[in-house]
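The chain that follows stands alone, in the form predicted on its own, written as structure tokens.
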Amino acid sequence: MLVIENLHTYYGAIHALKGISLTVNDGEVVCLIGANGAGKSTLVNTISGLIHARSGKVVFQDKEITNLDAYKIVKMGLRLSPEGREVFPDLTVEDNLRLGAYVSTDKKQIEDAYARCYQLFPKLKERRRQQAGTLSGGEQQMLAIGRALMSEPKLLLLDEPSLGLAPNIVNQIFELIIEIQKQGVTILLIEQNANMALQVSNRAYVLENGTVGMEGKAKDIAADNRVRQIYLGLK
């Protein structure tokens, strides 16, 4: 579904991504783990068109999307739930979700999307008339994911969904990721919580200083001694 080949991205003179290559197959959850500054969010923003690559290729469903405008990428079925949630605090929950379906003009399709979203996130239904800024951090994260799901994406990019959340809420978010995959959505998960990310993923890539340091089945990555020591805090 997603193929990245030898991707190089710069921030000014800083070489942030140094020849990244990876694949995400239909129906998978693939996670990217790595320390701060490893290039995880840069990669996500390059895939989604928010940052332009200097060289390399991004191919989505057999069509090259390298440096395509972000709104065109969204229309092709690739959606981002961004780091930090980025909800619109003065708009209601319902209006935030509606913005996620802006590519659709079919009223029934939009109503069906609301129904699916509220089934997945019952708390959002309870708070649909509330301003998003009054929600808890966990509820705002659910809203950000729900907004990205409103247009029925083929591939969902989740950038640091557990960031800043209490442990019990983190568990809920990862349970939801499993449920979203069961509903047929392919997921690329970018996450500092390596332990949880590896538990819910099929395959994993470890990013180190803008390069892929390791890749493989998530269970094999989780069992690697170096990963256990550096990223999982285990001996």
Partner chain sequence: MLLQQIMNGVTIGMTYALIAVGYSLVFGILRLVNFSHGSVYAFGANSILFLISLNIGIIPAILIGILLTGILGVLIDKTALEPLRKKSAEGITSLITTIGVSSVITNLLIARLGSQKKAFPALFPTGEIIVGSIKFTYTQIGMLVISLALLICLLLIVERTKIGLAMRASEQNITAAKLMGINVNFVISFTFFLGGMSAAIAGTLVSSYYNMAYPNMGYTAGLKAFAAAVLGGIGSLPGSLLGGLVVGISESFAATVLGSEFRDSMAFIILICVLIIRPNGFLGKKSIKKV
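Residue numbers count along the first chain shown, from 1. Fair warning: this is a prediction, and the values are worked out from it, not measured in the lab.
There is another form of this protein, the form predicted in complex with its partner chain, and it is not shown here; the text below is about that form.
**Student:** Can all three of Val3, Glu5 and His8 be found with a heavy atom no more than 4.5 Å from its partner chain in the model of the complex?
**Tutor:** Judged in the model of the complex, none of Val3, Glu5 and His8 sits within 4.5 Å of its partner chain.
**Student:** With the partner removed from view, which of 134-142, 116-124, 158-166, 89-97 is the stretch that lies within 4.5 Å of its partner chain in the model of the complex, judged by heavy atom distances?
**Tutor:** Stretch 89-97 is the one.
**Student:** Please determine whether Leu50 contacts its partner chain in the model of the complex, using a 4.5 Å cut-off between heavy atoms.
**Tutor:** Yes, Leu50 sits close enough to its partner chain in the model of the complex that at least one of its heavy atoms falls within 4.5 Å.
**Student:** At 4.5 Å between heavy atoms, is Ala70 in contact with its partner chain in the model of the complex?
**Tutor:** Ala70: yes, in contact with its partner chain in the model of the complex.
**Student:** So in the model of the complex, is its partner chain close enough to Gln130 to count as touching (4.5 Å, heavy atoms)?
**Tutor:** Gln130: no contact with its partner chain in the model of the complex.
**Student:** Does any part of Gln109 reach within 4.5 Å of its partner chain in the model of the complex? Heavy atoms only, please.
**Tutor:** No, no contact at 4.5 Å.
**Student:** For the heavy atom contacts within 4.5 Å of its partner chain in the model of the complex, list the residues of 127-147 involved, in sequence order.
**Tutor:** Only a single residue, Arg147, comes within 4.5 Å of the partner.
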